[in-house]
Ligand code: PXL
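Given as C-alpha cells, the chain that follows is alone and in the form predicted on its own.
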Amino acid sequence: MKAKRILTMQDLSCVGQCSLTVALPILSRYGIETCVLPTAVLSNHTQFKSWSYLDLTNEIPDIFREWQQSGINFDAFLLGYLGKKELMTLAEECFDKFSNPDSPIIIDPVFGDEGRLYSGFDEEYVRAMAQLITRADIIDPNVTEACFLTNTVYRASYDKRYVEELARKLADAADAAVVITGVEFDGLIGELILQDGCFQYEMLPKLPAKYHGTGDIFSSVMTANVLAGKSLGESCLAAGLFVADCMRATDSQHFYGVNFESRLANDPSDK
C-alpha cells in the first residue's frame, strides 16, 4: 500500500526538540511520507538566551511554483508555529493548490500559554489565526489560545462548564473538530475533545515537570494516529501517553526539549 504523504508547515530549529525537528521523525516513524515546508530557520529555538533567524517567507512562492510543475499533492496537512500572518495567506494558497480530495488539515495555533501571548504576537495575529482555522478539520489549541481565539477571559482555574463552552465557541467559529490541550482537573491533565457535538475527555496523571516542545510532539503523534484510522479520542490518548513517556525519560536539567528519540521504538500507542 502506498504511504500517505503529509506536508507539515512550521519553523526549523537547528538545535532544540520542537517544530519540524519533532514532526519529521515522529510522522516518519508511523510510515507516513513526511514533506516539510520550513517557514524559517533558527540556530536554536527561543528558549535559549539568543538565536539567529532566517525568514523563508519569500522563498515559499518559488517552492509552490516548483511543486505545481511537478504535480505534487498531499494527503494531509499539519501546521504548527507560523509566527507571521503572511504565512497564513500562503498556507491557504497551499491548501488550495496541493490538496488531494478530502485531505485533512490539522492546525495547532501556537501563539500563547498561561494566559499570555508569546513574545512577538499581537491581537492582529490572533485575528488572522481565527480566520485560518476555518480551513481546518481538526484544531488543537491550548486553553490560552482557545480563549484568545474566542475572545473569552482567561482563567487559571476553571471547571468543565468553562472549557466546554470554550470548545463550543471554537467549533462554531471554525466548523472543525476541537481538541483543547493542557486541560487540568484534580491532578489530571489532558484533552477536551468536541467532535460531532459530543464531548470526550482523555486525561492522565499530571507529571511534576514542564518541558518545551511537548505540544509539537502531541500534535505529531495525534496526527499520525488519525491518519492511521484511529478515532480522535484514541489518537489523543496515544499522543498523551507518548508525551508522558518522553517526559519520564528526560533529565530534569534538559531545558530545551524532551527525550522523544529514545521513545520512538517504544511508542505506547503500539500496545
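Start at 1 and count along the sequence shown; that's the residue number. Predicted model, so just to flag it, every value in this text is computed and none were measured.
The same protein has a further form, the form predicted together with this ligand, not shown here; the description that follows concerns it.
- Although this ligand is omitted here, in the model of the complex none of Asp140, Val178 and Ser220 has a heavy atom within 4.5 Å of it.
- Taking non-hydrogen atoms only, His212 approaches this ligand to within 4.5 angstroms in the model of the complex.
- Tyr118 belongs to the set of residues with a heavy atom inside 4.5 Å of this ligand in the model of the complex.
- By the criterion of a heavy atom within 4.5 Å, Phe98 is excluded from the residues contacting this ligand in the model of the complex.
- A residue is said to contact a partner when one of its heavy atoms sits within 4.5 Å of a partner heavy atom; Leu166 fails this definition for this ligand in the model of the complex, lying far away.
- A heavy atom within 4.5 Å of this ligand in the model of the complex is found for exactly one of Ala146, Leu78, Val183, Val110: Val110.
- The contact residue chosen from Thr57, Ser28, Gln47, Ser231 relative to this ligand in the model of the complex is Gln47, the criterion being a non-hydrogen atom within 4.5 angstroms.
- Segments offered: 110-118, 170-178, 185-193, 70-78. Contacting this ligand in the model of the complex at heavy atom distances within 4.5 Å is 110-118.
- Residues Cys18, Ser19 are the members of 15-30 with a non-hydrogen atom no more than 4.5 angstroms from this ligand in the model of the complex.
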